[in-house]
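Here's a solo chain for you in structure tokens, the form predicted on its own.
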Amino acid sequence: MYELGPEFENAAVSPGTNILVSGPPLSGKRRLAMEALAHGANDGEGAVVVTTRDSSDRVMADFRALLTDPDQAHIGVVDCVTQHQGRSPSDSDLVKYASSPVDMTGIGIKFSEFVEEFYSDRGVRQNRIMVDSLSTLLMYSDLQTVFRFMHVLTSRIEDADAVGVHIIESTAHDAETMNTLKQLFDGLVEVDDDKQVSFQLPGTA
């Protein structure tokens, strides 16, 4: 089981669970998702962040701030932003680059490389994945394309016995889009404007 930590009312979910974290801008949902990853990383689990919004530098700084021993943590960031801005960095142990948020094939490949690396090379059997955010993917691609990509990604997370925490701006999309995407997830965490959090997680009452 994966314990999600105090921010998630100490709920535990089974390997292969995918959770959607939904809320308006500035409601703290990104930090909430990071806390779930950090809770595992502090126990030696792997953490992979797919960022379509912020550069890997910012993601790494924010994430490391939540860790008790950042230098010992197994962290990987799939950065879909930096190359899109016209820079051409090289992949490293910590960061792999996809060309843009449209490059879903590239995102999938880089994500799989990290999970494979953690599992095979480092012996990290439990991994947590964060996608920030589905809303950015939807800015660049249509719903059908994003749905297909997320269907593949959530299935890979399931196959890897990992846990996925995926972020979406609830106010940026219509009800049909939200309802379509919600089908892909096992659990839902909703944050409102007042930063009140409600949980619908599998296996919890």
Partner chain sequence: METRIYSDMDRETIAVLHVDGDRGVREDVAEQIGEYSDMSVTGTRTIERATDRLADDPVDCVISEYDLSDGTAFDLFSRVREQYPDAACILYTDATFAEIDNERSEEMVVEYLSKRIPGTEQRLPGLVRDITRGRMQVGYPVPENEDERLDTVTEYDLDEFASSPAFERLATLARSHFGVNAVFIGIMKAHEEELLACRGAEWSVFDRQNTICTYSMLEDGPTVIEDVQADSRFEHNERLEELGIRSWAGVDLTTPEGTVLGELCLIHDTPRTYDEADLEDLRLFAEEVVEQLELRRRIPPSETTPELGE
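Remember, predicted model here, so these are calculated numbers, not experimental data. Positions refer to the first chain, counted from 1.
Heads up, the form predicted in complex with the partner chain isn't pictured, but that's what we're talking about next.
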query	finding
Among the candidates Arg31, Arg53, Arg58, Arg156, the residue which, in the predicted bound form, approaches the partner chain to within 4.5 Å (heavy atoms)	Arg156
Heavy atom contact within 4.5 Å of the partner chain in the predicted bound form, the stretch among 179 to 187, 6 to 14, 193 to 201, 19 to 27	179 to 187
Contact label in the predicted bound form: Asp142 to the partner chain, heavy atom within 4.5 Å	yes
Residue contact check: Ser92 to the partner chain in the predicted bound form, 4.5 Å heavy atom	no
Partner contact for Val115 in the predicted bound form: the partner chain, 4.5 angstroms, heavy atom	no
is_contact(Leu67, the partner chain) in the predicted bound form, heavy atom dist at most 4.5 Å	no
Residues of stretch 89 to 109 in contact with the partner chain in the predicted bound form (4.5 Å, non-hydrogen atom)	Ser99, Ser100, Val102, Asp103, Met104, Thr105, Gly106, Ile109
